[in-house]
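Presented below, as structure tokens, is a lone chain in the form predicted alone.
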């Protein structure tokens, strides 16, 4: 039971962080940036390991975070300067950087105790045994809970304090520029937050689940409301429900917990797509039949 609580708590913390930032990604039509970052940071992780000789999470986070920010810069550079569409810029950047990371791991395979599967596809089921133990031998609990909790607090502070700037640069970048708010600065700050959140999460809960949590809850909330604050709140609530229901689905079928959580995210989206009061397909058909 204790292990289940730790797994659900870890999933909830990650889902909440991803949901808060994912709302802005959905509205900016950059939903797949999280997927790009989760793959593109691989060379940063390898470089951090080669420099430090350690698999310490903080070292990995710094290395991956820097490459994550570089990824967002390159995506924007190719989009603005190279005149590429955003999706093309994302595809070119993350495949190139990911390939570099794979080659680096292959080249240093004999010296580096690191592999891309471990880095990219962490297993949330291992959360209860990945413990933070102090030098005095005190067991503080799962390490990922502290990391994910810290990232969540930082994301909440970031969005709360700078809500006006994020709101304006998301919905009306021309007006934001006219009143002196730098759209480029806030774009990179948001992408930096996404980079840190993605990197801090995927080693423990898995890259696929992180991408699912960045996209599915905000997309579901988008179908349910047209108000940003409500969208963020609904995304957070959905993140909690996805973590709880996903765990018990995995328990029922003896399957992957991360996979089950991603399936739960898809299930909630499907319900919203069909039955949303404002945008639901079945609701719209019913209204059209009544009006006819």
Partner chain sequence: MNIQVEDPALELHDLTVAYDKKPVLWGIDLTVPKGKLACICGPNGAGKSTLIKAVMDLIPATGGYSKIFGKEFSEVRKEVSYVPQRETVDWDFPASVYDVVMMGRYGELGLFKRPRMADREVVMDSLRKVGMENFKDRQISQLSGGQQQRVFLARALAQQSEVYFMDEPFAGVDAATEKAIVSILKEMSENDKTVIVVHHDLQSVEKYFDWVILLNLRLVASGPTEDVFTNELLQEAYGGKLSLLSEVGNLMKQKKFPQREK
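Numbering follows the first chain given and starts at 1. Not measured: the values here are computed from a predicted model.
The same protein has a further form, the form predicted in complex with the partner chain, not shown here; the description that follows concerns it.
Trainee: Pick the stretch from 43-51, 24-32, 246-254, 61-69 whose residues have a heavy atom within 4.5 Å of the partner chain in the predicted bound form.
Mentor: The contacting stretch here is 24-32.
Trainee: Would residue 78 show up as a contact with the partner chain in the predicted bound form if we use heavy atoms at 4.5 Å?
Mentor: Although the partner chain is absent here, residue 78 would stay clear of it in the predicted bound form, with no heavy atoms inside 4.5 Å.
Trainee: Although the partner isn't part of this model, could you tell me whether residue 263 comes within 4.5 Å of the partner chain in the predicted bound form, counting any heavy atom of the residue?
Mentor: Although the partner chain is absent here, residue 263 would stay clear of it in the predicted bound form, with no heavy atoms inside 4.5 Å.
Trainee: Residue 168 versus the partner chain, in the predicted bound form: is there a non-hydrogen atom within 4.5 Å?
Mentor: Heavy-atom contact with the partner chain at 4.5 Å: present for residue 168.
Trainee: Heavy atoms within 4.5 Å of the partner chain in the predicted bound form: does residue 174 have any?
Mentor: Answer yes; at least one heavy atom of residue 174 falls within 4.5 Å of the partner chain in the predicted bound form.
Trainee: Since exactly one of 238, 258, 231, 36 fits, which has a heavy atom within 4.5 Å of the partner chain in the predicted bound form?
Mentor: That would be 231.
Trainee: Could you check which residue among 188, 108, 132, 162 gets a heavy atom within 4.5 Å of the partner chain in the predicted bound form?
Mentor: Of the candidates 188, 108, 132, 162, 162 is the one lying within 4.5 Å of the partner chain in the predicted bound form.
Trainee: Using a 4.5 Å cut-off on heavy atoms, what residues in 62-101 are near the partner chain in the predicted bound form?
Mentor: Residue within 4.5 Å: 83, and no other.
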